[in-house]
Ligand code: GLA
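Here you get one chain, nothing else, as structure tokens; it is the form predicted on its own.
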């Protein structure tokens, strides 16, 4: 008998989860073993248990003489440890006798029409009745380990959210040594018989989100972080893709980890060419003591499948994050245009200098001034005062509240930079509480930027930070906080944890960060929070749950940002990408890019400025006024529309092009950037994407006055997508143009 609820079907021993375009199927073999059967384009058939194992054929019970062969070949949904499966395990538990074997077997299931939050962790959400959730319960009868697997289907977005809970159902203590959040055994070839490849994003400071596609060799390959945060070296994303994947063609399985600490995202290719995908908290430096009756909650993984290339995957993730992850006042609101004083002044500023910037900014249409590093303690360089969150009144007489009042008179809001998780050894806080820093007693700790990390796993540390930051926000009526985090964790030791629990520090640290940000947003629901970590070193979906935007990179060079933002937009909506116009020569690369192009690139993000506006020419000031008008004219479309990557300078070396199309396909904003010029460069024919082929559209220059826009072309969507739009050759490097396409 078949039972169907909330896009989840149960037929005998098979479970099926449907979204608009996909089906995910798993089931139970021999009443014991939970296996993965299928994930791909939506299908009708229910019984595909034949896909659960490559060998041997037939039924194998736990008492057969070849049990290890079965365990090593069955396509498990959530593999254990030490019971004969030699592939990457998802769960490893050490018991009081020192053994580590765990073999979770099927026990039952439940279907609901809601999605509960994950205690202490970010997670996707939905209104009651808008999402179906399947819970499958497993247990190891020999060890009292109980496991619950949760699957929530976001139908319209083609996304399934997965998470895991592990409970100690016995009387003795257990130590969790690894708890991954998702695993999936699947064929190693796509539907055309080609071996899958691995898509990842790597980078470093100022060079984040570099795309990489590699063959999947036999053995294990993937990306990870063990620096205490997600890090800029790799995104916590894993893509299993067809060879030659494009924006429109090829298969892609995309998995994203909603977590801001150490992670492991791995693929293992087995001798039979099956692959095992596993995502979760990195087992390195992780252990968790689980007492009788206690539950461990693992972070969530979101996954999607597309058989229409990377473009559909991107739009699925974008819609999921905008509708079901980002929260708060600014979820669906335009964010204020801000100017940050960092690249304008660095540490050298005072009230009058900031007010001069503010007055000029207001005249150009900018709405907020952000005071960056250097406003507190004795902070005139990066060697002191982190943790002492009191205003330096030598720089700002009367404090931030006086500055805020004067900004209000001008017509601007105030934003402030903090780095709450850090402490300078030269600070009053460290001198009073040296035990609050993460470091090993008796060993000189490693420093970075001459700073140490506060142990925010401790409630007393979090209470201090919340009070200090809240006092500043309240007294100065701060509208925006830039939350920075500028080093990785090392010298791991917490003075508040016993020896047997030191392996919990890194996870407790991340939980502490989440708790702090949740408390802050609860106390100040109108606050706009932007996370940052030396640029994009903690750009992950977990952070998006607390801040609707994240600083994408400290590299604000428009040419570099084309590449960085293309990588970021593969996974994250444009509304989340912190993007600003900065001065030239650029402070990171020394490159010169026209002011107009810098503005066009920054429009594909939150939009703002990083420069001393008082030193600009009249021509540049006029350009800023044009750019702020463009932002207000098109930001609703950019923030809410569907993103289409049309051409990439990464592939062709000469030009870049992308567009944003409204959900009803009535309008589109097209950005074209002529990156490198060469003699006799021909006009380009750009084939638009995402339009309605049967609608007729008018193409105009996006920067023309709305009253009398110059018409570039009028054509049906099918013509613009198949025959293309002509982009005239541009003279010079780094030139750009915006086109506005609207239905007529």
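Numbering follows the first chain given and starts at 1. Note that the coordinates shown come from a computational prediction; the quantities given were computed from them, not determined experimentally.
The same protein has a further form, the form predicted in complex with the named molecule, not shown here; the description that follows concerns it.
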One residue of 545, 78, 655, 551 in contact with the named molecule, assessed in the predicted complex (non-hydrogen atom, 4.5 angstroms): 551
In the predicted complex, the one of 426, 515, 85, 373 near the named molecule [non-hydrogen atom within 4.5 angstroms]: 373
Listed range touching the named molecule, judged in the predicted complex by heavy atoms within 4.5 Å, from 477 to 485, 428 to 436, 115 to 123, 322 to 330: 477 to 485
Close approach of residue 241 to the named molecule in the predicted complex, 4.5 Å, heavy atom: no
Contact of residue 570 with the named molecule in the predicted complex (heavy atom, 4.5 Å): no
Non-hydrogen atom contact residue 194 with the named molecule in the predicted complex at 4.5 angstroms: no
Contact of residue 449 with the named molecule in the predicted complex (heavy atom, 4.5 Å): yes
Contacts with the named molecule in the predicted complex, stretch 403 to 437 (heavy atom within 4.5 Å): 417
